[in-house]
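Before any questions on how it binds or moves, here is one chain, the form predicted on its own, in structure tokens.
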């Protein structure tokens, strides 16, 4: 199983932009995630085709299981 922490932001065009971080430390600390997202927005660390990140939309852990098929 592969787990990914997704940080979702809105940009200047009000479109969702997602940053994906592989293998997050669990349990995830919501306060640390919130603080990190605030820092990303405040310092304009990243930008997108729709402009700077303007607000937080959400954060989530995505758990993906891949099963190979023998052919």
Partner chain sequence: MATAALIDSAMRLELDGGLDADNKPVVKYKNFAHVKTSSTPDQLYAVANALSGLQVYPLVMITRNDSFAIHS
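Small disclaimer: the values here were computed from a predicted structure and weren't measured. Positions refer to the first chain, counted from 1.
The discussion below concerns the form predicted in complex with its partner chain, not included here.
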query: Is there any non-hydrogen atom of residue 19 lying within 4.5 Å of its partner chain in the predicted complex?
result: yes
query: So in the predicted complex, does any heavy atom of residue 55 sit within 4.5 Å of its partner chain?
result: no
task: Spell out, yes or no, whether the shortest heavy atom distance between residue 14 and its partner chain in the predicted complex is within 4.5 Å.
output: no
- request: Counting only non-hydrogen atoms and a 4.5 Å cut-off, give the residues of 28-47 close to its partner chain in the predicted complex.
  value: 32, 33, 36, 39, 40, 43, 44, 45, 46, 47
